[in-house]
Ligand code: ADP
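Given as structure tokens, the chain that follows is alone and in the form predicted on its own.
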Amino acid sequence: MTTEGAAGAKTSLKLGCIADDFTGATDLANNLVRAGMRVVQTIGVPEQALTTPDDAVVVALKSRTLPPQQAVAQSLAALHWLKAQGAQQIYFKYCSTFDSVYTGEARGNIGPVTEALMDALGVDFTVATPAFPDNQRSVFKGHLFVGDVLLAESGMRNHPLTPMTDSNLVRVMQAQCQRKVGLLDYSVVAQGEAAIAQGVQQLRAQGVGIAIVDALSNADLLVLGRALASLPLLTAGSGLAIGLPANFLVQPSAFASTLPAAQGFTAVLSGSCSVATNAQVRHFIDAGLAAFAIDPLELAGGANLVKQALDWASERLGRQPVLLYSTADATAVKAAQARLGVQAAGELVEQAIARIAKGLVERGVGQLIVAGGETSGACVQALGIDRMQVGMQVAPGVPWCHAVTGLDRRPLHLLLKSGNFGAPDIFSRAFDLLS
């Protein structure tokens, strides 16, 4: 199906996606590419109409930690652009740990954004499920599990910006919403498409506007994808995306993940302080590879760590990958936040790493890994990237992408990794897949 997009441009856009951070956007795009869709990811809401024949567009926002009113405004702007391009279905993507801003009176922005999108689209029902079994995220009886433990017992309870202390998603979502939140539980999902359709009708009859949906496996997500094909709006982590391309008669294809040949030096920037990223930093250092630590307290004290980091990297680029990181354990993070404030500490490090990213690319880095959602957003913006073609998967939810930077139109292969994703060896192994 081809429709008229903005300014009369022809577009075959099937799925229009809104992601609340940059790594989450590539996570979603990765699952769509694996299922055969040709996907472009934009950085923010584009100013121009879509001109390429892509199956899906993922608009990457940096809204996860924004107050609800700001997150809603950005998400609605993305929605209006996607609809203008002819998107047939809308997908609001949040993290598989269901976290968003939690400060002051704000109890998260996932609910407010969902309801604003529903109002704008004129729909009375949608679903919400962060299930992503490939990355050990499952939902059972409305409770989110990370591996074998409840969300509130995982490392997310100590997240520096968006701590999650409640695993009951119905309760979490209801605290953010005006509409009634219900549950489509596993006893229904396990019975297949017809039972799911009936369950949706029963929930609607009970006045439920948003249903948390259980899912334990990819098979569950594939069934849900078919059963929910007619909903104008879906909200989920990236997992549900695996079941959607087939609804548009798209089949898996190697062409969908093809990127230009890689070139340039290799580097890793890490701002995430998740348990997984701490393990990845340790693995890199234990392997004897070069690493430079960025201390937020030194930054706050006036140390020119950006120059020091770039001088250090310049002497080592071209041999093996180099790592520049602010990653630290929960105790160190809390100590820095106590001294500097939560928001100030985060922004200080993000901006320093973003400046380092720009300097590295200017020095010939053409293959760059960035760990952490907020860090990735800052780096992409500093590099002047407005869109990326999404390519091969390195780990579940983690693909290589290709972009042209705003720095003299330099090409760059870029991997944006959510803090919680990837095996311990991902920082070194990822580059092998491009060679």
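Counting begins at 1, following the sequence as shown. Every value quoted in this text rests on a predicted model; they were computed, and no experiment measured them.
Not pictured, yet referred to below: the form predicted in complex with this ligand.
Student: So in the predicted bound form, does any heavy atom of Glu350 sit within 4.5 Å of this ligand?
Tutor: Contact check for Glu350: yes, within 4.5 Å of this ligand in the predicted bound form.
Student: I'd like to check something about Ser272: if you look in the predicted bound form, is any of its heavy atoms closer than or equal to 4.5 Å to a heavy atom of this ligand?
Tutor: Judged by the heavy-atom cut-off of 4.5 Å, Ser272 is in contact with this ligand in the predicted bound form.
Student: Can you tell me whether Ala197 touches this ligand? I mean in the predicted bound form, with a 4.5 angstroms heavy atom cut-off.
Tutor: So Ala197 does not count as contacting this ligand.
Student: Given that the partner is absent here, does Leu79 sit within 4.5 Å of this ligand in the predicted bound form, heavy atoms only?
Tutor: No, no contact at 4.5 Å.
Student: Just one of 186-194, 85-93, 226-234, 324-332 has residues with a heavy atom within 4.5 Å of this ligand in the predicted bound form, so point it out.
Tutor: Stretch with heavy atoms near the partner: 324-332.
Student: Tell me whether Asp21, Pro68 and Ile110, taken together, all sit within 4.5 Å of this ligand in the predicted bound form, counting heavy atoms only.
Tutor: Spot residues vs this ligand: no contact at all.
Student: Of the residues Val146, Ala345, Val127, Val72, which one places a heavy atom within 4.5 Å of this ligand in the predicted bound form?
Tutor: Answer to the contact question: Ala345.
Student: If the cut-off is 4.5 angstroms on heavy atoms, which of these, Ala313, Leu169, Met156, Ala336, is the one near this ligand in the predicted bound form?
Tutor: Checking each option against this ligand in the predicted bound form, the one that comes within 4.5 Å is Ala336.
Student: Going through 365-401 from first to last, which residues have a non-hydrogen atom within 4.5 Å of this ligand in the predicted bound form?
Tutor: If the 4.5 Å heavy-atom criterion is applied to this ligand in the predicted bound form, 365-401 yields Gly372, Gly373, Glu374, Thr375.
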